[in-house]
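Below you will find one chain, with nothing else, as structure tokens; this is the form predicted on its own, and questions on how it binds or moves follow later.
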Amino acid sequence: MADFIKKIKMNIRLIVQFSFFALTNGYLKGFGEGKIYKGKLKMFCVPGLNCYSCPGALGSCPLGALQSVLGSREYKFAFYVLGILMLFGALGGRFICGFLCPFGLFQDLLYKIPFVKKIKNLPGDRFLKWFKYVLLAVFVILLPLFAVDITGLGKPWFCEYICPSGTVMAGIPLVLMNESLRGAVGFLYAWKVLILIVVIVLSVIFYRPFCKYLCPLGAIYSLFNNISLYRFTVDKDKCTSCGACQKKCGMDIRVWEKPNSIDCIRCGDCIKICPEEAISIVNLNNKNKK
């Protein structure tokens, strides 16, 4: 029994990831019929990058919702989406990336596939990690606002031309299950499948490349890492700067210097590996001091 509990504790993040994926993509009828759920739950945004068009999706992707409302000029609703993003960010920052994002889980599973040599970062990591902010500014905000059609409406550019999460969760399943869609696929579908293949290959070798370099949603949540309710702290009296936390960290963060780095996805591996138990969650740490 003790060994079973220990295994659960060691794999708690994976359990939460799978559970949340099942909870937010539990419309089994959609997978059976190849159709999208369009009920009232779709009015609400889930925290992670969870495609609206996934046959099993019960909620909306906040990134897709933001692009749609910016393009439609319904700013009142845009404020609602921004409010949701700010709420999620204020509560957990990139905890959502580490625990609640389906595409984060997808990359974690790919990285577990055996390979000759596992690498944390792509060459040029120092500069590439800022590219997700460029995608956020250009494809999520500016293009939906200003690249409009004759009626003055924009479109969700990131979802339509880049998002590999949408391809694996919605594009491929819907095409496989609908003969009419198979006959209509063209260059855009092939382009997005190519992006997905590149991300898959990179994810086997490098740790979470999409999260590190391409995800605009992660870029938004990263802005809250230093102020979110859920954040880390380092006890300077215990810490010896041994570097064990950075060696374990998939995001390659010098945790003893920046425990709440904008790149941190709150996986908690640094807490588990620290030989001095110097890293802890802020609220729990404060509670223990009372």
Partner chain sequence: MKKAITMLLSCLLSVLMLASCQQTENNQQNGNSDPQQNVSADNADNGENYADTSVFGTFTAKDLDGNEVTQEIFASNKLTMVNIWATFCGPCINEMPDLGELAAEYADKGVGIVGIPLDVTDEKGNIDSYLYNEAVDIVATTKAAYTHIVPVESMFVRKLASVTAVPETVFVDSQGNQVGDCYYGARSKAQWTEIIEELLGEVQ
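Just so it is clear, the structure is predicted and the values come from calculations on it, not from any experiment. Numbering follows the first chain given and starts at 1.
Missing here is the form predicted together with its partner chain; even so, the following discussion is about that form.
Review point. Can all three of Ala22, Leu58 and Thr151 be found with a heavy atom no more than 4.5 Å from its partner chain in the predicted complex?
Key: Result yes, every residue of the spot touches its partner chain.
**Study point:** Exercise: Tyr37 in contact with its partner chain in the predicted complex, heavy atom 4.5 Å
**Key:** Result yes; Tyr37 sits at the interface with its partner chain in the predicted complex.
Review point. Does at least one non-hydrogen atom of Lys247 fall within 4.5 angstroms of its partner chain in the predicted complex?
Key: Heavy-atom contact with its partner chain at 4.5 Å: absent for Lys247.
Review point. Closest heavy atom of Gly183 to its partner chain in the predicted complex, within 4.5 Å or not?
Key: Flag for Gly183 set to yes.
Review point. Is there a non-hydrogen atom of Leu41 within 4.5 angstroms of a non-hydrogen atom of its partner chain in the predicted complex?
Key: Close contact exists here: in the predicted complex, Leu41 approaches its partner chain to within 4.5 Å, heavy atoms only.
Practice item. From the candidate stretches 256 to 264, 24 to 32, 231 to 239, 217 to 225, select the single one in contact with its partner chain in the predicted complex, where contact means a heavy atom within 4.5 Å. Key: Selected stretch: 24 to 32.
Review point. If we check its partner chain in the predicted complex, which of the residues in 207 to 223 reach within 4.5 angstroms of it by a non-hydrogen atom?
Key: Heavy-atom contacts within 4.5 Å come from no residue here.
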